[in-house]
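Shown below, as structure tokens, is a lone chain in the form predicted alone; questions about how it binds or moves come after it.
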């Protein structure tokens, strides 16, 4: 039984131009707890919409939200909003939002903001909550003095550590991190990544790490999923996706990473992503793909690379890619 299994997750937004499908029938699985999944792709590929759909944090203009999500074998998509809030949100799945460091109440001390949600739990008391928060601040590398400070007294890296501590307050099993280092400088990014790896190892927390930075994703992820135009383009172990990528889009993304050695400069992905409301028929990457051929006017399914199981199919998924050349000898 997979720790997390997502089946045909779909999310549409209502816009003045018509429906926009941000997440298009995405399926994947995390086989065991304590692992990391990286979601990578260009801006607008659907990464953030996918994880917000998983956490059921939906904007008002969502017009369709369907699929199945199983956590430890229990289907959680069918729960009522109230039941989901009471039993899943922050207790089993927590989120560190993009730009969450700017989401603190500026006139409330850090300790009060972290204990506020904990005190809503039955039987919670202020002393116990305060002690737990002090422990969490220590876990994320902050001194006890931060408890009595206001947000404006903290640096960006310190506020991001507090945001991570807040996500851990109710002992979730899965933590979703949406671009948690995008607003930080390189040295602080490294500190946050080392912290996340430490928490993943010591606390056994599963993590879904959303980023456009492939190098960062590979540091913390056991598996990688590549998103493009609302679809999952490639999915597999981090080693398979990084070293044996099978999808042309994944290869182009990897070629855009600057190399320290080898004398080969980065190459930009040509063209632009399709209009999300009026996407072309067939393979959504074909207009930018140097390997496109006649069959690309048909939309390819996720196909197994090297004879593995059909992945993206929720359980037992292996290395898969969304390209007609996969399995044909040209891209595998």
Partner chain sequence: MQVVKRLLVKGLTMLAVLLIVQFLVVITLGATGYSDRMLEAVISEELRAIRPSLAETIRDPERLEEALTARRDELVALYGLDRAWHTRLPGMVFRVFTLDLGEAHTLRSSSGSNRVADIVGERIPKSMLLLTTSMIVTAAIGLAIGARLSSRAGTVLDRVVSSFSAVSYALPTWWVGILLILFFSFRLGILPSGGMYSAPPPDGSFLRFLDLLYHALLPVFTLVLAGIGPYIYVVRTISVNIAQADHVTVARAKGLSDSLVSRRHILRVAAPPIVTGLVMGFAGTLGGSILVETVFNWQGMGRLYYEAIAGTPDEMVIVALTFVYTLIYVVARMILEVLYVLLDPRVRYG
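Just so it is clear, the model here is predicted, and its values are computed rather than measured. Positions refer to the first chain, counted from 1.
One more form of this protein, predicted in complex with the partner chain, exists but is not displayed; see below.
Only one segment in the set 154-162, 104-112, 137-145, 249-257 has residues whose heavy atoms sit within 4.5 Å of the partner chain in the model of the complex; it is 104-112. When the partner chain is considered in the model of the complex, residue 243 lies well away from it, no heavy atom lying within 4.5 Å.
Not displayed here, the partner chain is kept clear of residue 229 by more than 4.5 Å at the level of heavy atoms in the model of the complex. The shortest heavy atom separation between residue 128 and the partner chain in the model of the complex exceeds 4.5 Å. Put simply, residue 200 is far from the partner chain in the model of the complex: not one heavy atom of it is within 4.5 Å. For the residues 210, 166, 207, 224, the 4.5 Å heavy atom test against the partner chain in the model of the complex is passed only by 166. This chain is drawn without the partner chain; in the model of the complex, the residue among 116, 75, 171, 239 with a heavy atom within 4.5 Å of it is 116.
Shown here without the partner chain, the chain has 57, 60 in 46-80 lying with a heavy atom within 4.5 Å of that partner in the model of the complex.
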